[in-house]
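The chain that follows stands alone, in the form predicted on its own, written as structure tokens.
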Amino acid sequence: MSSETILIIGANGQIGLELAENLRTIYGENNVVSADLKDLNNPHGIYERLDVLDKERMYAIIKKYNVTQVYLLAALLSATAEQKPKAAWNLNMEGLFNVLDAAKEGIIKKVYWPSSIAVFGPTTPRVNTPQYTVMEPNTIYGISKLAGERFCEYYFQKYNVDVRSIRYPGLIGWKSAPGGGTTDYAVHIYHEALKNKTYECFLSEQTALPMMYMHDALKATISLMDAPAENVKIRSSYNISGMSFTPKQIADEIKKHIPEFTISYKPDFRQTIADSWPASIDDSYANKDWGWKPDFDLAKMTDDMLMNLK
């Protein structure tokens, strides 16, 4: 295993912190390099400061540690990107080009780049959204992720770059703070339930969205990267799904643990974003190609979140 050295760019984010922990367990402390713009919150293992737009610096780090795989997690997320459209496009696209070019030039062997359910739009079928369907995103984040998917597939077909991707649904975890996404209410609600016994939700009570517990997101990511190349049939990005629920359903589940918990609803600009996204996802291709199956449903996740946050 230790012949692989992994660079995680954007290692300070919601996914990056936990992914680094998992990968260190698999590959060893000295074979995982975490990199981010800011200093790391909990500096474990090897850490480098890196702006993904600084291609020279990135190449220097790759050479210094003989990096073989890059996980590119640096991005501006949905709600934040709407406030800064050009900065979001620049970071999300140029960062991806820098990493794909490194693979094209043979400097690294394998690339992981996350896409998102934001690639779908208001014209996409919302229930059991298919792998192949209408994609007309109307957010900057979604537009950049859709363009990114096309470029990933292009680099695979044109230059044989081994790039792999998952369309993440909303991600829920207890170890790190959420990073400016539309599905973040489903993380905040647990913190507020424990702290204040009440929560004001920025989405309406019947807004169903696809969600996934962080354990499952990491399991999917690592399983896809471990799969033999010939099993990875889709080089744009795979649909994956964990569960779908509404703010009312998650609140009802929390009340089973904290009976006095109350929720109110005050939809803001994020409601429009949520309304353009799927309510549930068909992930049969991921299941068929590399055996994807989630471990957590809403009840099991709520148990785990409240136990760990306490």
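Numbers follow the displayed sequence, beginning with 1. Fair warning: this is a prediction, and the values are worked out from it, not measured in the lab.
Missing here is the form predicted together with a small molecule; even so, the following discussion is about that form.
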| query | finding |
| --- | --- |
| Position in contact with the small molecule when the complex is considered in the predicted complex, options I117, V111, A193, I240, heavy atoms within 4.5 Å | I117 |
| Partner-contacting position among T182, T129, T221, T207 - heavy atom within 4.5 Å of the small molecule in the predicted complex | T182 |
| Touches the small molecule in the predicted complex: L77 (any heavy atom, 4.5 Å) | yes |
| In the predicted complex, G170 touching the small molecule (heavy atom, 4.5 Å) | yes |
| Touches the small molecule in the predicted complex: Y141 (any heavy atom, 4.5 Å) | yes |
| Stretch from 222 to 230, 77 to 85, 97 to 105, 149 to 157 whose residues place a heavy atom within 4.5 Å of the small molecule in the predicted complex | 77 to 85 |
